[in-house]
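Okay, here we've got a single chain as structure tokens, the form predicted on its own, with questions on binding and movement later.
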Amino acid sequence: MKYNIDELEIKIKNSIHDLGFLVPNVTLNPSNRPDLGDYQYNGAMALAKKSHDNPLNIANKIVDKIKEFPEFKSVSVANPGFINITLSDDFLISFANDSLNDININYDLGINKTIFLDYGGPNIAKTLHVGHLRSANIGNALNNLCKAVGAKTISDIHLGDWGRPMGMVIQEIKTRYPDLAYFKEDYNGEDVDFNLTNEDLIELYPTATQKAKENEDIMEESRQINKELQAKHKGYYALWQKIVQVSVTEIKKLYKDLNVDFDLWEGESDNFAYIDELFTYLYDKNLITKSDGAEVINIKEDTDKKEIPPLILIKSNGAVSYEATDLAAIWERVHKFKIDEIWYIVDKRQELHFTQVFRAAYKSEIVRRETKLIFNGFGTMNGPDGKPFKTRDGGVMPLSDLLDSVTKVCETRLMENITENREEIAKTIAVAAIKYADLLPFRNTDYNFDIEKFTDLNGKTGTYLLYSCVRMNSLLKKACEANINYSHIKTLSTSNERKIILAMLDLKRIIKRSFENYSLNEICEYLYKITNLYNNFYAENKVLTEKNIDIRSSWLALTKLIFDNNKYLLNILGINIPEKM
């Protein structure tokens, strides 16, 4: 016997088939009336409508067929034809012990596909600010979720390291340091003594951008530099490589602090290497047309209810567009890897851009129709007042400043009795507070980040989850020190134990819906729910001092199950559990 809801649903479906009713599937829904049962089956009403019978008659026939299942403690019918099912303790215990032995049974959905995830997307030379959090955070968690359900993944940061902003930064450096060898006509690739730091870039990028916006001559020079950079001008290209090296080092450091990583650290420049190959392909297929001096692909469809502009490949000034490099990225990826799906985790305001790129990719047959290109837009992270997250002087808050601020609050509020590794533990807690708050709302919604609220130990917060896990782990360590064995669950002695295991039974569905909706909010809600259930159990029982050995070992095994499960889920979210709090 397999102790999970999926197998039980199949068993009930087969029994209904034996009665002569051909149903495609059976869904057992967690009951909203635990006094009536653990689960409810509502299919009798639909069957009655098809067979022109009374729903109660259909329900009673089904109950007579399944009531002797050993998995059930009781089965009953309620008007107008609901079937209520209470699971047996043996079923719950066996399921819990199976999960204890192999936590993966609740996660592996057998998703046999390769998914390419494009997330992160920071711009080179630009300070990572709070607006960069969501793409990296959501993308990394989705990457972890894909692996958990059985998929193979390839992740890419897709750096914004190409295009006009690079031209602006190089133009500003050239203005300040005109004698640098990079700008000499006879430059031949030799090393240049130029001490460029990330702090320099933090100041250079906004200054260069503002100057170019205010002065058309500077803007035009930046465009020209960018055009020459794309043509691999030796000096500009060497300086650009230095800018990239300095900036990426800093980006990696901050993303490491946030438990975010990528398989590939490629950027628009890597995709640009495929532009000529891509354009030759598109010209050969006669897909490129002229429009107001630009070269475009018409992607309009007859079913469009609103105007969808053509995708611009080459601008009227001769520069290659951002859309073209994104199309080149798809070209590169499908040629390098055998991919079933490509997921983009980006701001929802870029939906039109990706609609254009995806249509061009399908129309040109760069990707097959069966290869899914999926836009996963996300909402905005705002301050506690609902307005864009700003610094006191009105600027966009750097992501490092947000992490530092939350770390300081965590250290002040939560670590009175901790003397060792205070900064490291405080940062671990701060990362949990930030990431959980960011993943708790549905991906597509805006939300307000309130430091005081999201570092509270008594709310729906990452700090609450960590504190609970630390307490569970401490309990298990004390049991080990006392040589108490707790290898498996032997008995259920309280209603709260049943509630906890019933919540565990629902986990696989939570994981499936999260994967299908490309969002982590249900996992976040589930973590809070099952942690609350465990804490209610813990508050009512003296686990270590329980006199009955079977009950005590069962309680400890249940504690280990929930700790292991919470650790697994937090790992999907990119959250680590500290040793102390």
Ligand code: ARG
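All values reported here derive from a predicted model rather than from experimental measurement. Heads up: residue numbers just count along the shown sequence, starting at 1.
The discussion below concerns the form predicted together with this ligand, not included here.
Of the candidates G235, P441, G163, G121, G121 is the one whose heavy atoms come within 4.5 Å of this ligand in the predicted complex; the others do not. Site annotation in the predicted complex: the residue of Y436, F95, W240, Y344 reaching within 4.5 Å of this ligand with a heavy atom is Y344. Although the partner is absent here, H132 lies within 4.5 Å of this ligand in the predicted complex, judged by heavy atoms. By the criterion of a heavy atom within 4.5 Å, F354 is counted among the residues contacting this ligand in the predicted complex. In the predicted complex, this ligand sits within 4.5 Å of a heavy atom belonging to D326. Although the partner is absent here, Y362 sits far enough away that none of its heavy atoms falls within 4.5 Å of this ligand in the predicted complex. Heavy atoms within 4.5 Å of this ligand in the predicted complex map, among the stretches 346-354, 416-424, 481-489, 297-305, onto 346-354 alone. The single residue of 302-322 lying near this ligand in the predicted complex is Y322, the criterion being any heavy atom within 4.5 Å.
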